[in-house]
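What follows is one chain in structure tokens, specifically the form predicted alone.
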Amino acid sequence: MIKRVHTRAFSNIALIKYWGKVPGGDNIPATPSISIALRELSTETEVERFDVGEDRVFINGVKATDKDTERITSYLDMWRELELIEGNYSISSRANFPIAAGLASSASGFAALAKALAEFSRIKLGKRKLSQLARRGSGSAARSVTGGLSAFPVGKDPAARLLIDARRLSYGMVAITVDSARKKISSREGMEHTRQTSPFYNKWIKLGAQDYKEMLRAINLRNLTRIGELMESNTLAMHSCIMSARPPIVYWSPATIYIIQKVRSWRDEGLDVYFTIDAGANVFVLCMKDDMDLVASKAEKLQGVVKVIKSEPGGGAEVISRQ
């Protein structure tokens, strides 16, 4: 019987954004999304099973907060209620990048946890089912299960599907971090507040569905220019909707806007680069792999930049070891 499992999953950044949940659902997205997993942004999780005691949760080497412990314990309860696992668990999760800062840490965290729990499952779980289960912890985690370039449709019980394997992608991303602090308003809280109060929320839902279809076509054509244009427009539409909530939520900082302007100027100079921003202040630049060194060099010289991370696409959630 397996007692301990060590897994890894990669963060993913959406080209077409997931923002909003279906009311009363099991963490079901209101908008379809498409993302790229990033190999340099990962979470490793060790899970140990024992028969007596209580669940224990550690994040980056310290005991998790009551809020984080409750969220993860509730997630374990869901697996137990489905009669997939039994007993109690000690969970130690460590990310190599800031958590809750708009870098999709919950995506990699819950994907790694789901992958580990699958090793303890009483029945064998396929990738689709694992993606569905990961989604119950964090919507974006469904895409970190599959990795590479993945699509995540809407539906009754949706799962992500792999569009293009990480090894076949010719582009990557450069993460430009300007703020590594934990967000004051989590993505989950921000989504619900936006749904309830933004006068443009329903328009955003319709636009997200249209952009998703357009992005699938652009990906099939291998058209980076069209992919980048759609990604930028979708990003700005999402943040416009968030900012229109009442009271408004603004995840950006002055440095965010400055970097957006610089990316546009680099493009005017002939560099094929495009920006996107998740629910935070940090900016991600999509470009060809051959251009990542140049983009990183330019980004490192910008005022207000804390750290620059070049990343080729990453694969799906994986088991490192089991005992």
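Numbering starts at 1 and follows the sequence shown. Predicted model, so just to flag it, every value in this text is computed and none were measured.
Another form exists, predicted in complex with a small molecule; not displayed. Remarks below refer to it.
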query: Close approach of A9 to the small molecule in the model of the complex, 4.5 Å, heavy atom; finding: no
query: 4.5 Å heavy atom contact, G137 and the small molecule in the model of the complex; finding: yes
query: Partner proximity in the model of the complex: A118 to the small molecule, non-hydrogen atom cutoff 4.5 Å; finding: no
query: Close approach of K21 to the small molecule in the model of the complex, 4.5 Å, heavy atom; finding: yes
query: One stretch from 182-190, 222-230, 85-93, 159-167 that, in the model of the complex, holds residues within 4.5 Å of the small molecule by heavy atom; finding: 182-190
query: Listed residue (S198, Q132, S106, T177) with a non-hydrogen atom within 4.5 angstroms of the small molecule in the model of the complex; finding: S106
query: In the model of the complex, the one of R128, R80, K203, R71 near the small molecule [non-hydrogen atom within 4.5 angstroms]; finding: R71
query: Contact check for K17, N27 and A279 against the small molecule in the model of the complex, heavy atom at 4.5 Å; finding: yes
